[in-house]
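One chain comes next, on its own, written as structure tokens: the form predicted alone.
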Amino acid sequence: MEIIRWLLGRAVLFVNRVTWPSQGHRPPDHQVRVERELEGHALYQFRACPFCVKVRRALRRLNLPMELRDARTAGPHRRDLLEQGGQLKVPCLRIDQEDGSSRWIYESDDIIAYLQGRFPLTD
């Protein structure tokens, strides 16, 4: 089963590479503002997860240079996802709030909807 999962993951990464979307564009001053607002955001993901690939493609189309955190192997990102987010499930978007709390959004469609609403290419 592990070999099949590995092969499927490589196939997903290959298709992603050959069909990589165009990067969206914003006026430079808007892009600077967006990047500043993204500082409190991080995407917990696995590199070959098809749903994570879907979110990374949306990040590219929306021109959102977000921090990506690999939660596949043991380490602080995996631990944070489980202990603070509550589930070891990816993709997961962590949004640090001004009050010091964090909001965790699971499900690729929910993450993409949030990003499209919060950071549209046209203002």
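Note that residue numbering begins at 1 and tracks the sequence as displayed. Everything numeric in this text was worked out from a predicted model, so none of it was measured.
The following text describes the form predicted in complex with a small molecule, which does not appear among the structures shown.
- The small molecule is not drawn, but in the predicted complex it has no heavy atom within 4.5 Å of Gly75.
- Using a 4.5 Å cutoff between non-hydrogen atoms, Leu82 does not count as a contact of the small molecule in the predicted complex.
- Mapping the unseen interface onto this chain, Leu88 counts among the residues with a heavy atom inside 4.5 Å of the small molecule in the predicted complex.
- Within 4.5 Å of some heavy atom of the small molecule in the predicted complex lies at least one heavy atom of Cys49.
- Heavy atoms within 4.5 Å of the small molecule in the predicted complex map, among the stretches 94 to 102, 25 to 33, 62 to 70, 49 to 57, onto 49 to 57 alone.
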